[in-house]
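Let's start with one chain on its own, the form predicted on its own, as structure tokens.
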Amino acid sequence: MTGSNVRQIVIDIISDIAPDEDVTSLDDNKSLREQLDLDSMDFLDIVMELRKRHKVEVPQEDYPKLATLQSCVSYLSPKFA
């Protein structure tokens, strides 16, 4: 799976969790929480959806690795291989 596929998976999940947010102009290198109105529960929902939809486990100590879209792609890509 390519990085752009992983990026789209994350964006699709964010779109479902925060449907009112505009995800079309996200900066891959800025914090998702800064760009979007995501609270800690929204973030947990993203992690839960990754597990539910794609069987990808993200341990709590790795949550900071999902701060930006780019870090999500870097962290998650090997898990989709």
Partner chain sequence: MTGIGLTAPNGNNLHEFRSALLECRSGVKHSEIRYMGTQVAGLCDFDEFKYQSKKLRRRGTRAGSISIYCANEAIADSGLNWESVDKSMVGVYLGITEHGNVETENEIFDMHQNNLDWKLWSPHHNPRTVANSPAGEVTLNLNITGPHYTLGSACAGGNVGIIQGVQQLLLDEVDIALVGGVSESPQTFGIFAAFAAQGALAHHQAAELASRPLDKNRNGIAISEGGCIYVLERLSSAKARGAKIYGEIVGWAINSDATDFVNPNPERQVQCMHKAIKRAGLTIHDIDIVNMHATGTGAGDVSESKAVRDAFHGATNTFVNFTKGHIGHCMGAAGSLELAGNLPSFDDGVVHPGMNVTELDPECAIPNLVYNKPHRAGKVNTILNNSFGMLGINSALIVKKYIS
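Not measured: the values here are computed from a predicted model. Numbering follows the first chain given and starts at 1.
Heads up, the form predicted together with its partner chain isn't pictured, but that's what we're talking about next.
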Item checked: Residues D12, V23 and D27 all lining its partner chain in the predicted bound form, heavy atom within 4.5 Å -> no
Margin query: Taking any heavy atom pair closer than or equal to 4.5 Å as contact, tell me whether P19 reaches its partner chain in the predicted bound form.
Written below: yes
Margin query: Please tell me whether any heavy atom belonging to D37 falls inside 4.5 Å of a heavy atom of its partner chain, as the geometry stands in the predicted bound form.
Written below: yes
Notebook entry, point to check: With a 4.5 Å heavy atom cut-off, would you call E57 a contact of its partner chain in the predicted bound form?
Noted result: yes
Next item on the list: Could you run down 28-50 and flag each residue that has a heavy atom within 4.5 Å of its partner chain in the predicted bound form?
Entry: D37, L38, D39, M41, D42, L44, D45, M48, E49
